[in-house]
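Read the single chain below, which is given as structure tokens and is the form predicted alone.
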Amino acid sequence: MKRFETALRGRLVYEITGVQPEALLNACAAEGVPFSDVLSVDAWTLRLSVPEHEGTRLERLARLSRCEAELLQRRGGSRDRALLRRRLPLLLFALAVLLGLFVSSLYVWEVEVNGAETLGRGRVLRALEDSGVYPGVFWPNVDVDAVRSKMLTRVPELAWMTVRVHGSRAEAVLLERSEKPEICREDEAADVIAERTGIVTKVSVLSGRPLVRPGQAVLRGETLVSGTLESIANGARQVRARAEILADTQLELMAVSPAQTAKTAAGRGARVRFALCIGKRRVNFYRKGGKALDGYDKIIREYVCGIPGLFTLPLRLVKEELRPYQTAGPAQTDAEELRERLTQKLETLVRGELLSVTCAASGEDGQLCVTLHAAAREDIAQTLEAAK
């Protein structure tokens, strides 16, 4: 309380020097001048503090008491008010910034999507915008239940979703719907056919009647295990054939590419230009922004105003760097790169073990042809449902 009173009313600290400085204390008491914090420095000097508005009376009483009053310090009062007046514009600016942050936090300026593993982010953002969640929306008016219902209708692949608002960021948390497992009835008729041509090395039949044996060559589409079981007592009956048929297969992949392609090299004279995005409006600091620039690579960087994870303001600085390029001449196509691409494709096709891989490359009429031959041991069993 005393500190608040000192800061509001102000106090003056004086050093009193004289033959009888205590005479001043008697005079102040007689005149009703309040004083406090009396400290005796020596026999002829003491210190005390009085309210700021009593400074003139104290100095007059000091002269009447044949003492000298020296002002040592000002505390609060007019000194703090003068300092506050000098810093008032700064305080108003800080208050305006805080008010702007508060108002900005009531609007969504950034939308994040979490949990979209197979769904495209662009599709989810478009669905959110149609459902009422987009940059610039007043989030207290957003009905999360209504947004959830609309999203589940617009995106059938979703099993559940919600929207969480953190300041000026809206986070859409998604849970994608799991694919239903294929339900097969054991009493439905189905055969096992060969997915590829090969030589059978192993036959493991779980149900059905095998039609091939190890060492036999089969063609693509040939029936390996029949779903029709014959019985002398009950006649023929249909089952769902299941089996694992390992076979040695041969695969061939081919890729054709121009032997020479034009390559580019960086040129001189790179240009940099800036733009400012305020909400959904864009202000370009350059002319002819919509004109296409041939012979330039454009690199765009965006700098968002805000603190990541805390808040975001509707201000984005866009930096566009235009780097010129020029055609440097033809470049030889790399056969090794084509071979690696074919190998990656081959690994996705084979359902088993690769035994050997050979590659051949040839060039004719300006074309580079790379052929990949592979021998594999894989499961060629494929279920074929019987026609109903």
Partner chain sequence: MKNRKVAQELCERLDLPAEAAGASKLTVTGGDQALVENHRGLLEYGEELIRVRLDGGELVLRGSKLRLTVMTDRELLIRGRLFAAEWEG
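Keep in mind the model is a prediction, meaning the values are calculated, not measured. Numbering follows the first chain given and starts at 1.
The form predicted in complex with its partner chain is left out here; the points below concern that form.
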In the predicted complex, the one of E336, E347, E353, D37 near its partner chain [non-hydrogen atom within 4.5 angstroms]:
D37
Position in contact with its partner chain when the complex is considered in the predicted complex, options L58, L342, C67, L46, heavy atoms within 4.5 Å
L46
Report whether the minimum heavy atom distance between T371 and its partner chain in the predicted complex is within 4.5 Å.
no
According to a 4.5 angstroms non-hydrogen atom cut-off, is L25 in contact with its partner chain in the predicted complex?
yes
Contact between Q20 and its partner chain in the predicted complex at 4.5 Å, heavy atoms?
yes
Picking from 29 to 37, 50 to 58, 317 to 325, 354 to 362, which part of the chain touches its partner chain in the predicted complex when contact means heavy atoms within 4.5 Å?
29 to 37
